[in-house]
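Just the one chain here, laid out as structure tokens, in the form predicted on its own.
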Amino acid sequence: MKNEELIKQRFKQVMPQLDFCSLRYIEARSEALQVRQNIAQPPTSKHDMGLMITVIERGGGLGYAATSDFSVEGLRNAISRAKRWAESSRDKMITDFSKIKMPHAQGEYASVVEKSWDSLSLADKLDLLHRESAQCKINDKIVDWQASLESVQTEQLYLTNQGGEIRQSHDYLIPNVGVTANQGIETQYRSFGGLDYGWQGGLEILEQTDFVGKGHKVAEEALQLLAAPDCPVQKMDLMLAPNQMILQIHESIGHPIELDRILGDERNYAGTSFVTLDMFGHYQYGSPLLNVTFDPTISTELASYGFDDEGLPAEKTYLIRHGILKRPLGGIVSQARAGLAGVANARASSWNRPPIDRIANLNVEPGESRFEEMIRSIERGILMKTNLSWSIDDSRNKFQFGCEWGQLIENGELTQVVKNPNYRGISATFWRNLKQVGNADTLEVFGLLTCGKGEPNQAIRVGHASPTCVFSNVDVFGGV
């Protein structure tokens, strides 16, 4: 009998008489393969499982307890510890949790997988990586290179004391190719995978992302960058490819509108936000072209799911519409605290962490501009791709980002490749300068693997989809 069925039976056996009690069980398996400089590195694999008990007591106390002991006695002990924490916290909470109507939903979710990780043998997967690695060494100026694949599979069961039962399974694939080129004191890096891109699904993702042949392509581009002049210093139009838009969305929209951050929960660790509660419903976050959604329904996107980790059903919701800030990224607890409608985004990184408000699938909706039309409309500008560095202040307002790839746009044409492209701005001003949004043909889906937040830290997977976008009057500059 699977662990989930045993745990379900035992939870019913020991379920306490409380206002609210939930059990969240997670089992995760992963395997990572890498070929570096044509040499296979030792494969790594992980298997982790455990559960979290959450208790809300009459009077408003909240308590958690995590355990990897799935026996009846193990569950009893975890419930007892969670109850003690709830009793201890009752008079110290700023929120009366007993007044929050927690969900008791039932449902299922599973990743769409066309070709499972195990459908290809270990030898065949390593052969694929060897071929990509071998394509990277096209010149003696290529000094380091690697190709890698990682698979992560999770099973999750969520139960409540009032009949809630949610089962969710996720499959993730994380492909990467990276090349470093050097000549004298100059070094350039080019990659497919950037900040560790990931997608939900199986090995079919390799075909969908044109992974085969990426080794040769990124090596050629690394050499182009090595020979390129520095990015100029000038205010100009900035065209961001989707693989850079994802970080722009993440840092200057996602984190600022997390509701727990706005409420002050993260100020000692991850910072605060320039966004305040009174902005929702009327604040002009960006130009009228800006439409941003929380969308957990896109099958390949990294943070697609049916329910969040507090059992709230997830559905597509507009957070920014025609530039106006509408809703925060806040789960059911933060919604009750703030008196604002939010979304189903209370998530935990593992079984031994409690759910908190997290970025999930946060997307810029496509517009109507064709890529060629956007290029032709720019007299003086630059196209940037693939994030390389980032910095943003504690309130998620002033930022500076660097990219791997830059290419000038002059008189409506893509021209000179430039290296070390950077840009900076202020979040709201930057988004208000959004002047063109690419159509659905320019839209790409990506995910980031290690968004950090919370104490103790929780590194979690997030998804972003975006079309190509153009911003006016941006401060662009070169240098490492």
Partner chain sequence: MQDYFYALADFIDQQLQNEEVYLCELIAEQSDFIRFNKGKVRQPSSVEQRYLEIDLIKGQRHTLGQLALSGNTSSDYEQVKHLLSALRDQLRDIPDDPYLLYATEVQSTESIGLNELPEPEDALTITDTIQGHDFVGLYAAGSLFTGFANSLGQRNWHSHDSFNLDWSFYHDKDKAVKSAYAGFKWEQAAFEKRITQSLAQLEWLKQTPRTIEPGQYRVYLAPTALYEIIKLLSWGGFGLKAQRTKDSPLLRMLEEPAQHLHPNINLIENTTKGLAPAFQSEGFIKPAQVPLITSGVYKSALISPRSAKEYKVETNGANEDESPNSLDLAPGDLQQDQILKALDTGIYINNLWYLNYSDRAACRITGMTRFASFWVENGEIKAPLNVMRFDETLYNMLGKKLLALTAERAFLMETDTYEVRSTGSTRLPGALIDGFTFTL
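Numbering follows the first chain given and starts at 1. Just so it is clear, the structure is predicted and the values come from calculations on it, not from any experiment.
A second form of this protein, the form predicted together with its partner chain, is not displayed here; the remarks below concern that form.
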*Please name which of the stretches 168-176, 396-404, 278-286, 313-321 has residues with heavy atoms lying within 4.5 Å of its partner chain in the model of the complex.*
396-404
*asked:* Each of Ala105, Ser111 and Ser299 within 4.5 Å of its partner chain in the model of the complex, by any heavy atom, yes or no?
replied: no
*Within 4.5 Å of its partner chain in the model of the complex, heavy atoms considered, which of Ala227, Ala341, Val212, Leu122?*
Leu122
_Give me the residue from Asn433, Gln416, Asn439, Thr67 that has a heavy atom within 4.5 Å of its partner chain in the model of the complex._
Thr67
*Any non-hydrogen atom of Glu251 within 4.5 angstroms of its partner chain in the model of the complex*: yes
_Partner proximity in the model of the complex: Asp144 to its partner chain, non-hydrogen atom cutoff 4.5 Å_ = yes
*Taking heavy atoms only, is Asp308 within 4.5 angstroms of its partner chain in the model of the complex?*
no
*Might Leu449 be said to contact its partner chain in the model of the complex, defining contact as any heavy atom within 4.5 Å?*
no
*Members of 33-72 lying within 4.5 angstroms of its partner chain, judged by heavy atom, in the model of the complex*: Arg36, Gln37, Ile39, Ala40, Gln41, Pro42, Pro43, Thr44, Ser45, Lys46, His47, Asp48, Met49, Leu62, Gly63, Tyr64, Ala65, Ala66, Thr67, Ser68, Asp69, Ser71
